[in-house]
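One chain comes next, on its own, written out as structure tokens in the form predicted on its own.
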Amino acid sequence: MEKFTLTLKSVPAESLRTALCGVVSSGNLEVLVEHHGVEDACEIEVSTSAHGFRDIWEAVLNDFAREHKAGGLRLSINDAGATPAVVSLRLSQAFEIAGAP
């Protein structure tokens, strides 16, 4: 298991509720959205079974932080080998569940 945390600059989130999306299973992942205190940054903790892909994770998560108002949020991602497209999909679904416009 590989685990790392990124802190990315992002526009402050609108009032979102805590949300959980997805399920950890083969080729899938879950995303937990919670609040934390830094308004202009998004903290993302990734636990993944796929070793050696941090650069790809960082690219996908940087894109997400630029496209969404994620400042002031903590995202916890538990991954079981999801592709970058599935990661983007689950992140978008988690934000939708949390009440993002």
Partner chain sequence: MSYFEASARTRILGLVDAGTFQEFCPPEMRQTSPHLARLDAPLSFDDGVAVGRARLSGHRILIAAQEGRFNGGSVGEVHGAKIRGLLDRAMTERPSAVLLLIDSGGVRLHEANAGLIAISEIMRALLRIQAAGIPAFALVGGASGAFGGMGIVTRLCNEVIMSEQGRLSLSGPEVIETVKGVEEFDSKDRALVWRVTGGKLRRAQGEATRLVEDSIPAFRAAAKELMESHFLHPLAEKSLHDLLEDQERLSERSIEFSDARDGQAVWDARLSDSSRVPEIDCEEFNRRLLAK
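Positions refer to the first chain, counted from 1. Predicted, not measured: the structure shown is a model, and the values here were computed from it.
This protein has a second form, the form predicted together with the partner chain, left out of what is shown; the following refers to that one.
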query	finding
4.5 Å heavy atom contact, Asp63 to the partner chain in the predicted complex	no
Heavy atom of Thr18 within 4.5 Å of the partner chain in the predicted complex	yes
Any non-hydrogen atom of Val24 within 4.5 angstroms of the partner chain in the predicted complex	yes
Partner proximity in the predicted complex: Leu32 to the partner chain, non-hydrogen atom cutoff 4.5 Å	yes
Residues from 37-52 in contact with the partner chain (non-hydrogen atom within 4.5 Å) in the predicted complex	Ser49
